[in-house]
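Shown here is one chain on its own, the form predicted on its own, set out as structure tokens.
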């Protein structure tokens, strides 16, 4: 396994790092103060070509590969998780699924607008009775003349209250379920019968919202089907595989920033006449965090290389997501401890990072599901 990037990617990382430090970090402070994402956050990301960066160039996208996209997530997560969510809404699960599986008409309708940030997207899979067990969804899709009627409920859908188009998974054949009975639909926000019935704020940043969606005889035409009828679950799993690597890289970036803040604080803060950095207890916490970050980056980068090369990686994406999401939790906990009072008071970055990163062990498949997938791969 290798941790180094080629010189071209290292140059790209340097550009992303400067952009994050000089442009995004002041916006991150504003987000923390107001609890809102200012319009200029989208503007600066658009101007620098980060919106739609994985979408095809023919539709105005950047045409970048998964590794470059994940590098952007890693760098932006050093500042604020909001920026990684903006990237995902224009170049993540839903946009990539449309560009990969969509018809020519669907690509014409959505991809160019997603690439410029004119549209944002959301991925509607989770339900009250189906979280990590995504095969257990119960939202129904009944075929009618000229299209489908959707009935059911989705919840905890990131950014759905502001999304222009949602990828919705619904059951068209309860007997087949994941083996040909779940279809993916593209649903526009103004479709009759589509209702945002609740918006939730997480334990993380005030600016990050999750929405509940209720479908009440929501009619979508036949041309709203994404891919083939009955093969929506396959589309979802294909998207989630790359999504897990994106989460892994986001965790690495956040962990790296937490470690850097901890090192700086340990050098500056003195107790009983000595800097914290002279204390063995602090040194060991820093050493453990640095070691775990290096292991996480090595595993994830190598998995990305294998995926880029078109090789089968088995459960390696699950391993990356599992290890990185749990690793950043340990790094954040140590960072809070090292910062003492500054680590638990709102207004300091460490406290907000600590709350924001907790989501990673739940979203994109909880840690327990990743372990199940890894074990299943071993025993198959």
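Nothing here was measured: the structure is a model prediction, and the numbers come from that model. Positions refer to the first chain, counted from 1.
Unshown form predicted together with a small molecule; subsequent notes refer to it.
request  = Work out which of 236, 210, 82, 285 lies within 4.5 Å of the small molecule in the predicted complex, going by heavy atoms.
outcome  = Going through each option in turn, the one that passes is 210.
query = Considering the small molecule in the predicted complex, which of 256, 303, 158, 139 comes within 4.5 Å of it through any heavy atom?
reply = That would be 158.
ask   = Is residue 13 close to the small molecule in the predicted complex, meaning a heavy atom pair under 4.5 Å apart or at it?
value = Contact with the small molecule, no.
query = Does any heavy atom of residue 132 come within 4.5 Å of a heavy atom of the small molecule in the predicted complex?
reply = Looking in the predicted complex, residue contacts with the small molecule include residue 132, since a heavy atom lies within 4.5 Å.
task = Considering only heavy atoms, tell me if residue 21 and the small molecule come within 4.5 Å of each other in the predicted complex.
result = Because no heavy atom of residue 21 falls inside 4.5 Å of the small molecule in the predicted complex, the answer is no.
inquiry  = Quick check on residue 366: any heavy atom within 4.5 Å of the small molecule in the predicted complex?
reply    = Contact with the small molecule, yes.
key: Partner-proximal stretch of 261-269, 120-128, 291-299, 98-106 relative to the small molecule in the predicted complex, 4.5 angstroms, heavy atom   = It is 120-128 that comes within 4.5 Å of the partner.
query = Is it true that 359, 362 and 372 each have at least one non-hydrogen atom within 4.5 Å of the small molecule in the predicted complex?
reply = Heavy-atom distance to the small molecule in the predicted complex: all three under 4.5 Å.
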